[in-house]
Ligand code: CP
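A single chain, nothing else alongside it, follows as structure tokens in the form predicted alone.
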């Protein structure tokens, strides 16, 4: 089977570090035609701005051509075509598939069907490995290291696929974790057990106040309306946290705020002009990291 990236566990620690090293080189020289003649299929069954555009820009910067869709209403899926048939058909046309899908496990299923590599651009509340790699790159750039990071994860820790993937990756670098979430959105037990099995420390809190001062990284997340079947439950928790500039007074000088974006109201705009804000640079980093993922998976670097 071709090498795919479905879960962060599909890459070893050494491969992750290699991706970050390549990303730094691509940041220095982004226009490299390593994928000239290749075709990348970008198939998004769920809305996306940053992930889709950064993957497609990464492909274009490497000289590949991009085909695909960002709205299933314009595809045969709207006629009832199965995921199996869609993936089989798309694999006939492309050298690699980038896929986002709302169902957990859909990307793994696609990788088992496809005759070409599949990159998971997010499958429900499960995994988002390319986001994890760009988060690692952002942490490394801002902190000068990945080892022994103190990271505070805030917001939707139950459905947030970005925090699930990042937690597992940072466990390889002896990170310390603090989880801040309302009771309805706490980090699932399986991920806490994952840390416990590896003898990694974590704390849980429901209040943001007083839990910022010891963080190297604040990782904010959006409460995701699309993950809630009951709109009343969403309304109860949607405004649980809002980070404001005044709350950063006691933060470490090196502390940076990350967010996978889009944000709604969990980071006040007055935070944007502080030296702690890094979420827009983080999004830009995604293009270089995704260039590195393409090159690695297709054996071009």
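Residue numbers count along the first chain shown, from 1. Computed from a predicted structure; not experimentally measured.
Just so it is clear, the following notes concern the form predicted in complex with the ligand, a form of the same protein that is not shown.
A.B. asks: Just to confirm, with a 4.5 Å cut-off on non-hydrogen atoms, which of 245, 50, 276, 252 contacts the ligand in the predicted bound form?
C.D. replies: By the 4.5 Å criterion, the partner-contacting residue is 50.
A.B. asks: Which residue, 269, 262, 37, 30, is the contact with the ligand in the predicted bound form, using a 4.5 Å heavy atom cutoff?
C.D. replies: That would be 262.
A.B. asks: Residue 100 near the ligand in the predicted bound form, any heavy atom under 4.5 Å?
C.D. replies: Contact with the ligand, yes.
A.B. asks: State yes or no: in the predicted bound form, is some non-hydrogen atom of residue 131 no more than 4.5 angstroms from a non-hydrogen atom of the ligand?
C.D. replies: Although the ligand is absent here, residue 131 would touch it in the predicted bound form, with heavy atoms inside 4.5 Å.
A.B. asks: 123-131, 175-183, 106-114, 188-196: which one contacts the ligand in the predicted bound form at 4.5 Å, heavy atom to heavy atom?
C.D. replies: Going by heavy atoms within 4.5 Å, the stretch is 123-131.
A.B. asks: Where, within 265-282, is there a heavy atom within 4.5 Å of the ligand in the predicted bound form? Residue list please.
C.D. replies: Heavy-atom contacts to the ligand in the predicted bound form: nothing from 265-282.
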